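In the block that follows, a single chain appears as structure tokens, in the form predicted alone.
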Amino acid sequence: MKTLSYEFSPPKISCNIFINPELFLSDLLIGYLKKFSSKICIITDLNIKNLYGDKLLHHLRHHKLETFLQTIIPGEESKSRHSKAKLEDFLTSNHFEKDSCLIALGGGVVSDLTGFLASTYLRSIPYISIPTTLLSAVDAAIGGKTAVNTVHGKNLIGAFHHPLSVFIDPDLILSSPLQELKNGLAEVFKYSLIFDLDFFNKLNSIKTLSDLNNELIVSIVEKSLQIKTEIIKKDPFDQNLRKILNFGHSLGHALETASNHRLSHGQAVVLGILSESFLSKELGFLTYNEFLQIYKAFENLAMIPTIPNDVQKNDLVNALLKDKKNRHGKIGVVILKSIGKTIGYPYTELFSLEQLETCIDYLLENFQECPFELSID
């Protein structure tokens, strides 16, 4: 059993993270829930309900835990104020009180929505997370960032609310679709690029996604979360150092929004990482060889997607202008100093649209029509 934790104060916050095969439906989970919760609501999507949700519901009820289950439609469209309101009405009508607990069972959408719901219901109730995807395990389930999307952009309305515990079972992660594994690896590569060259080299040794097994999943999840928890402990509320976790996400979130989420979060982050690495090279930080290493890492694992042909430059510009990281009318972007390091304080550089035009053109010219041809000029 791999265990991690983070805590800070004020306010007093702590989160325990358990990583182990066969953790789903384990006695550890049952014992943990019995300690503090009188009523439980599992929140999941319809796909995960059929795979795992019903099993978890029956398992908890078998152990005399009063448990309910609510579902959302899979996809980013469900990460909305409307979905949250429906769930709030369910909790209210079924008399969930302060000693109740929510379980986020699923990927990033479920994790973000459930966490935000828990943060505001009765001015906050506890929740735990059981991620079923690699992306959720290394990103959404950890760190307390919760949110919903609006028509104007991604994650624009939310709150910090940390899970009490996270239970990560590699068996669930490995049973997810191939694209979900790629989505998660995008975030895993991000951690290596901003923090640890040796970790990047280890990831580069993965020749094919069929190499992924329980042992390797546990290893890369543990390393990713060691990096993330170290950053969170130093900057829990995203005021300085934690901003480096946004590497690849300024252009990435813009691509998600501009494509109406036809690009998944992981696909958009891959393109965001490539474009923001390109910008880092153009600014004279990354060398050409380092930039090429990053590109090849994604190319070798067939992780580079195409941008839908109807996404226009104005779509990207409009999405960038509504990014929550913007300040003083400029767009915040994390810049790599080298592989494994970002530039220092203030950790996010501010750019005008004119300064980012070359970066946007690079995206559209290289990944919309000819996604596997590399241009650096």
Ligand SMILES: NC(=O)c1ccc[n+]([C@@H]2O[C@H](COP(=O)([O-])OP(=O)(O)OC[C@H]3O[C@@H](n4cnc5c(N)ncnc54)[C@H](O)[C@@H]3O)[C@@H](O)[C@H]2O)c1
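From a predicted model like this one, the values you see are computed outputs, not experimental measurements. One rule holds for the numbers: they count along the sequence shown, beginning at 1.
The next section is about a form of this same protein that is not shown, the form predicted in complex with the ligand.
Student: So, G108, L135 and N155: all three within 4.5 Å of the ligand in the model of the complex by heavy atoms, or not?
Tutor: All of them do, each having a heavy atom within 4.5 Å of the partner.
Student: Given the stretches 169-177, 208-216, 302-310, 279-287, which is the single one in contact with the ligand in the model of the complex, using a heavy atom cutoff of 4.5 Å?
Tutor: Contact-bearing stretch, as computed: 169-177.
Student: Go through K228, K84, K243, H161 and name the one with a heavy atom inside 4.5 Å of the ligand in the model of the complex.
Tutor: Checked against the cut-off, the match is K228.
Student: With the ligand left out of view, choose which of I48, V334, L320, C41 has a non-hydrogen atom within 4.5 angstroms of it in the model of the complex.
Tutor: None of the other options qualify; the answer is I48.
Student: Would L271 sit within 4.5 Å of the ligand in the model of the complex, counting heavy atoms only?
Tutor: Taking the distances in the model of the complex, the answer for L271 is no, it never comes within 4.5 Å of the ligand.
Student: K145 near the ligand in the model of the complex, any heavy atom under 4.5 Å?
Tutor: Contact with the ligand, yes.
Student: If you check in the model of the complex, is E76 within 4.5 Å of the ligand, heavy atoms only?
Tutor: Looking in the model of the complex, residue contacts with the ligand include E76, since a heavy atom lies within 4.5 Å.
Student: Is F351 close enough to the ligand in the model of the complex to count, meaning some heavy atom within 4.5 Å?
Tutor: No.
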